[in-house]
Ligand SMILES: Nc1ncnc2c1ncn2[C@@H]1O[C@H](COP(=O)(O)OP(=O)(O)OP(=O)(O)O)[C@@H](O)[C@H]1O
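Next up is one chain by itself, shown in structure tokens, the form predicted on its own.
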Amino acid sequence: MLTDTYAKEVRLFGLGSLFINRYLEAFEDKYQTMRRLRGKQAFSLVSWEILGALGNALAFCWIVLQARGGRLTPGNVLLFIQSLTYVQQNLTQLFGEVFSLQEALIYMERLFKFLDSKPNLAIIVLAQPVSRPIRLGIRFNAVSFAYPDGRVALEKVSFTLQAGETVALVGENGAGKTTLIKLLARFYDPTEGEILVDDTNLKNLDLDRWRQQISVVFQDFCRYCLTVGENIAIGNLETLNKPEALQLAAKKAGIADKINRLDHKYDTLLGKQFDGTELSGGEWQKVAISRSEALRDRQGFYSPATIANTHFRRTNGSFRSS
């Protein structure tokens, strides 16, 4: 209800009251839980305060009786009263610290549980270098993948991508196209089978180097409230101060003409968050595609004497390698 991403459908379908009610239900549930916790803490604190007050009252009565009997001097009485006041203040502070510590321990318990969790993706320290360029291609050998909930996304998939080849992967929703790309980018490891890059298992390659070698444009690509040039350079930050590389990447993605019509061209701020220029959905997608084109400059692709890298692009239910 507070972002422009959902504004159109919220207005069109009249979803305001629905989400407000859902929010209030969630807030009430959370509030009741917090209320019970705070109630227990308040009850404990008040109980200790009452006991402390009773103890102080009894001690004060004893001091008065001792003073009336002449067994305490006025200085002793004053000293005892000050001591009781300090004890009361310190006990109150101690109880407050105990309750704060209780909340901190709940947080730390979750934190250490998270830190102790084992990574699902095994990283090899002394990994093998990535071929540049890829010569033999990429081979999926009986690859299967199942998500933690047991849903099978891929089962015994085998194919080969030759270097320099263009391939389109087409299938119904849920057929596993995006999962295949995520496996190729090694966001996950296959449940069964293996992915070979120039006959080397992807698991054994240097992960950072491998991800520098590929580029992916997902359907849910990100829209950054940065300048046009910065949005393109996100694909390869080395091109941030290379106007020629940014312009060529935009041209290959088919968005160069639109950028040149903007007031500040590649320095134009995008997005509504900071009162920038808003692009259409298709134009934003072309900006995202241009990031993958900017990646090519990492290996000097724009230089006359260069070699082509294998480059993967995911868009509209298919991926291409070239």
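Since the structure is predicted, the reported quantities are computational estimates derived from the model, not experimental observations. Numbers follow the displayed sequence, beginning with 1.
A second form of this protein, the form predicted together with the named molecule, is not displayed here; the remarks below concern that form.
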Exercise. Heavy atoms within 4.5 Å of the named molecule in the model of the complex: which of the stretches 97 to 105, 197 to 205, 84 to 92, 145 to 153 has them?
Worked result: 145 to 153
Seminar exercise, completed: The one option of D116, E109, E244, E172 with any heavy atom within 4.5 Å of the named molecule in the model of the complex is E172
For this session: State the residue from S131, T178, S215, T227 whose non-hydrogen atoms include one within 4.5 Å of the named molecule in the model of the complex.
Result: T178
Problem set entry | Proximity of Q219 to the named molecule in the model of the complex, heavy atoms at 4.5 Å | yes
Exercise. Does the named molecule come within 4.5 Å of any heavy atom of R209 in the model of the complex?
Worked result: no
Exercise. Counting only non-hydrogen atoms and a 4.5 angstroms cut-off, does K182 reach the named molecule in the model of the complex?
Worked result: yes
